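Take a look at this single chain in structure tokens; it is the form predicted on its own.
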Amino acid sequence: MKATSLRRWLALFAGLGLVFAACSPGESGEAEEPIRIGGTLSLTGPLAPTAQIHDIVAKAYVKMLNEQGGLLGRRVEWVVLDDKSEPEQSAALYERLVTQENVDLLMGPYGTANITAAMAVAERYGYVFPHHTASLTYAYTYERHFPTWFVGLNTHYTTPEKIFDSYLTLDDPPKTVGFVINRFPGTDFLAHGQDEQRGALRAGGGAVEVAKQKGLHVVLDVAFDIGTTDFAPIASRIKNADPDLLYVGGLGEDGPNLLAAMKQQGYQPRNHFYQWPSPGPMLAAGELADGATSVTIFESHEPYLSNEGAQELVDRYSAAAKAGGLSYTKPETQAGASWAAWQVLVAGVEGCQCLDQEKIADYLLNNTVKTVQGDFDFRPEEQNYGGDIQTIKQIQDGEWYVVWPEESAGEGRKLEGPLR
């Protein structure tokens, strides 16, 4: 066809409003393409009982986003892969998400080891990396990582200090303490601290050292491997040591399994703390778990319900958890951290009105982000960690309640003393 004839046809089509639709591939249909957010979760393996909480949160949050018009006017698609509770799998799958699935954004996985492995991939490709449950704070020097497990950079000091300070307020405070610690990287760091100072990160610390500084006598310090289910030998050692306070640096179902083993020994701890338990299984342990404490950053009562999006989290998570058959349907620290991670990611995207990783990170580093856990200001000088916002909760009357400090306690609750 001659050039003059082509111009005539184009002019005719333009007059009819038909031209250029096929000639603008960068515009045609692009608005309908979803924004793809990728991540992994431990849908199987030993971390699955807690990871399912994060799975429910992710699906509920994405559903909410799409009901509200999506992100940047585009529908959101959540691309989640099963890392099987293995860091190596997590790293490989994040590589796949970036290079094969071509996701626009990343969300971190569940668990310290998996997050640490996945973060290396995010850093290699320059992705913004929000994550909700990593506690190996000293390892995270990547400038575009954004934690919502807001425990402070020196959590190996601040977390055990909160725990022991709460117990030392009792009329009959503990004088001895026994430690049972999962070798999982995060729980081990919280128990035994860090060998060297790295910038703003202090050397030393850990619950064992802090306990001694608080005047407590350590009568037991035993470790176990992740995935352990037979706690009978450890239960026997606990019974023999008989500490005033049992500190269990465990996660998931470690607590209920250890409680069952202690029952077989005819032993009930006087005071007992559990680092990161699955909330439902602990309550399901019934009388065995009476008085058990843990740390938290969100619970389904005031003052937490006044935070940004808190009631939305409670309503949506509770409905989704019930539909998913969970025994405990109230959102707590795991769900709160997870929801906050999604809030951070969305705040960055909406703040810069873009999907550019550098601009998203720049917005988050220079603006306060409101979350269900409170207002977050990411501090580059402290590896993007803010202050330690954790409080202490306890099982009382078959429910979890924040009991310390007083200004965060629910329904006038306070820490209850020894069971025996």
Partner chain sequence: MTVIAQTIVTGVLLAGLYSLFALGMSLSWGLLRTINFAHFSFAFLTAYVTYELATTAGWDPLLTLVVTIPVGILLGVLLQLFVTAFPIDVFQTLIVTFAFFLILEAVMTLVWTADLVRIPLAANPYFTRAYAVGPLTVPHLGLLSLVAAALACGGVYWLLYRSHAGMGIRAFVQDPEMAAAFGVDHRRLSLLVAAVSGATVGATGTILGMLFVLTPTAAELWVAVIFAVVLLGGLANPVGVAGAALIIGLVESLTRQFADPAMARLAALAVLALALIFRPQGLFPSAVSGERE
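Small disclaimer: the values here were computed from a predicted structure and weren't measured. Under this definition, the rigid core comprises the largest set of C-alpha atoms superposing within 1.5 Å between the forms. Numbering follows the first chain given and starts at 1.
Form predicted in complex with its partner chain: not shown, discussed below.
*Asks:* I have Gln390, Glu399 and Arg413 flagged as a candidate spot, so tell me whether each of them has a non-hydrogen atom within 4.5 Å of its partner chain in the model of the complex.
*Replies:* Heavy-atom distance to its partner chain in the model of the complex: none of the three under 4.5 Å.
*Asks:* Could you tell me if Asn271 has a non-hydrogen atom within 4.5 Å of its partner chain in the model of the complex?
*Replies:* No.
*Asks:* Considering only heavy atoms, tell me if Gly249 and its partner chain come within 4.5 Å of each other in the model of the complex.
*Replies:* No, no contact at 4.5 Å.
*Asks:* At 4.5 Å between heavy atoms, is Gly374 in contact with its partner chain in the model of the complex?
*Replies:* No - in the model of the complex, heavy atoms of Gly374 and its partner chain never come within 4.5 Å of each other.
*Asks:* Please tell me whether any heavy atom belonging to Gly291 falls inside 4.5 Å of a heavy atom of its partner chain, as the geometry stands in the model of the complex.
*Replies:* Gly291: no contact with its partner chain in the model of the complex.
*Asks:* Only one of Lys263, Arg202, Arg96, Lys330 comes within 4.5 Å of its partner chain in the model of the complex by heavy atoms, so just point that one out.
*Replies:* Among Lys263, Arg202, Arg96, Lys330, a heavy atom within 4.5 Å of its partner chain in the model of the complex occurs only for Lys263.
*Asks:* Exactly one of Val369, Ile395, Val62, Ala48 has a non-hydrogen atom within 4.5 Å of its partner chain in the model of the complex; which residue is it?
*Replies:* In short, Ala48.
*Asks:* Can you pick the stretch from 204-212, 220-228, 346-354, 110-118 whose heavy atoms fall within 4.5 Å of its partner chain in the model of the complex?
*Replies:* Only one stretch passes the 4.5 Å heavy-atom test: 220-228.
*Asks:* Heavy atoms within 4.5 Å of its partner chain in the model of the complex is the criterion; list the residues of 320-352 that meet it.
*Replies:* Sequence-ordered list: Gly324, Gly325, Leu326, Ser327, Tyr328.
*Asks:* When the rigid core is used for the superposition, does Thr229 move between the shown form and the other one (threshold: C-alpha shift of 2 Å or more)?
*Replies:* True for Thr229: a C-alpha shift of 2 Å or more.
*Asks:* Hey, does Gly325 budge by 2 Å or more at the Cα between the shown form and the other one once the core is superposed?
*Replies:* It does not, since the Gly325 C-alpha is displaced less than 2 Å between the shown form and the other one after the core fit.
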